[in-house]
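Below you'll find only one chain, the form predicted alone, shown as structure tokens.
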Amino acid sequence: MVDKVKSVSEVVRTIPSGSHIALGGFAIARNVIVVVHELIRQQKRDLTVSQGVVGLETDLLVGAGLVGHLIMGGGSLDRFGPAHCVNRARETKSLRWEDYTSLSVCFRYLAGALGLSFIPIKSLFASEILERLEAGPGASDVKRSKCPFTGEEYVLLRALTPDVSFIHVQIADSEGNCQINGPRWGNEEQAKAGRRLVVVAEEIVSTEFIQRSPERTIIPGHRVEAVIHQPFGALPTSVYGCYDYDADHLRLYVKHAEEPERFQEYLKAFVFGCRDHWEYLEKLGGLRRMEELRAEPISGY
């Protein structure tokens, strides 16, 4: 039995600048905020970030100037509006980006998880996204080909194999066996495609508890390098079954993200101005605010 529980600062120190990291969140749900804040504090630069649907965590990294290449399948801050930092970086061409559908990003992760160098799909034929990829920086990652058996035309997608995949989960044991409740999106494929895999867990439970429901173990421990135990580690985004998003803080974030100067004020107050995630949670309102956001047992939110 290996105890894989580590601190977020310890894990982030092992990630070199220039790494390709995959983030498992979806808009404003299950974002690895605790990890992103630490990446910003430690100034891990020139990152390649891939994600099926980008959200708050990617917007933070881009706004902090740490992303050089973005591989994405769309995204936003859901009801709170667009990802302003991402959109601004694209408009000013301060990073390279490749636009896919969220499904095709998931298939690229699936190829990586299966140990394949590419995977054939058909869905991009129905979208002008394919033409844009072929004419832009994604040209080396997509090819048209015909099936050798039927002659049907396919799009071949190069596999995505991130240096590190980060996934936020509700439950894990100290060996890294994980349960994800609610929507999983492409997290399983993304996790298994990474050369390294780090999970952020709301709760650490015994392996005996995990073994009671083996069918719920989405990510097995042998694939996991480290477990970061951080309750409320996704705030201000939501975690199904644990807590809802913090609408007040998301509105505050958007007001700052709309302007580059004000965004730096946000980083100073809520990232650089906090020693760790616990101090950040205190700035969000502490235990009283956490209790207000805690999920209702039946609905999960």
Partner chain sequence: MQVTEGTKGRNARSDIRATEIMATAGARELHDGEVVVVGLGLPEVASVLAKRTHAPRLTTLLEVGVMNPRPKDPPVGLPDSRSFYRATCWSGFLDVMGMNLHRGVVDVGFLGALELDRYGNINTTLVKDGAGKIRYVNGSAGGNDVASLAKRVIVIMRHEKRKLPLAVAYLTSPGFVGGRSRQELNLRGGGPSRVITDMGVLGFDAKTHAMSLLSLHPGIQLEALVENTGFPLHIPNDIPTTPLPSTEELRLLREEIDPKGMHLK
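From a predicted model like this one, the values you see are computed outputs, not experimental measurements. Numbering follows the first chain given and starts at 1.
Keep in mind that the form predicted in complex with its partner chain is not shown, yet the notes after this line are about it.
* Of Phe270, Phe26, Phe263, Phe232, which residue is found within 4.5 angstroms of its partner chain in the predicted bound form when only non-hydrogen atoms are counted? -> Here the answer is residue option Phe26.
Q: Could you tell me which stretch in 240-248, 56-64, 270-278, 38-46 has residues with non-hydrogen atoms within 4.5 Å of its partner chain in the predicted bound form?
A: Going by heavy atoms within 4.5 Å, the stretch is 240-248.
field: 4.5 Å heavy atom contact, Ala135 and its partner chain in the predicted bound form
entry: Residue-level check for Ala135: no, no contact with its partner chain.
Item to check | its partner chain contact at Glu189 in the predicted bound form, heavy atom, 4.5 Å | outcome: Output for Glu189 is yes: heavy atoms within 4.5 Å of its partner chain.
Since only the chain is shown here, I'm wondering whether Ile121 would be in contact with its partner chain in the predicted bound form (any heavy atom pair within 4.5 Å).
Ile121: contacts its partner chain in the predicted bound form.
Query raised in the report: With the partner left out of view, is Phe166 within 4.5 angstroms of its partner chain in the predicted bound form by any non-hydrogen atom?
Result: So Phe166 does not count as contacting its partner chain.
What residues in 269-301 sit within 4.5 Å of its partner chain in the predicted bound form, counting heavy atoms only?
The stretch touches the partner through Ile298, Ser299, Gly300, Tyr301.
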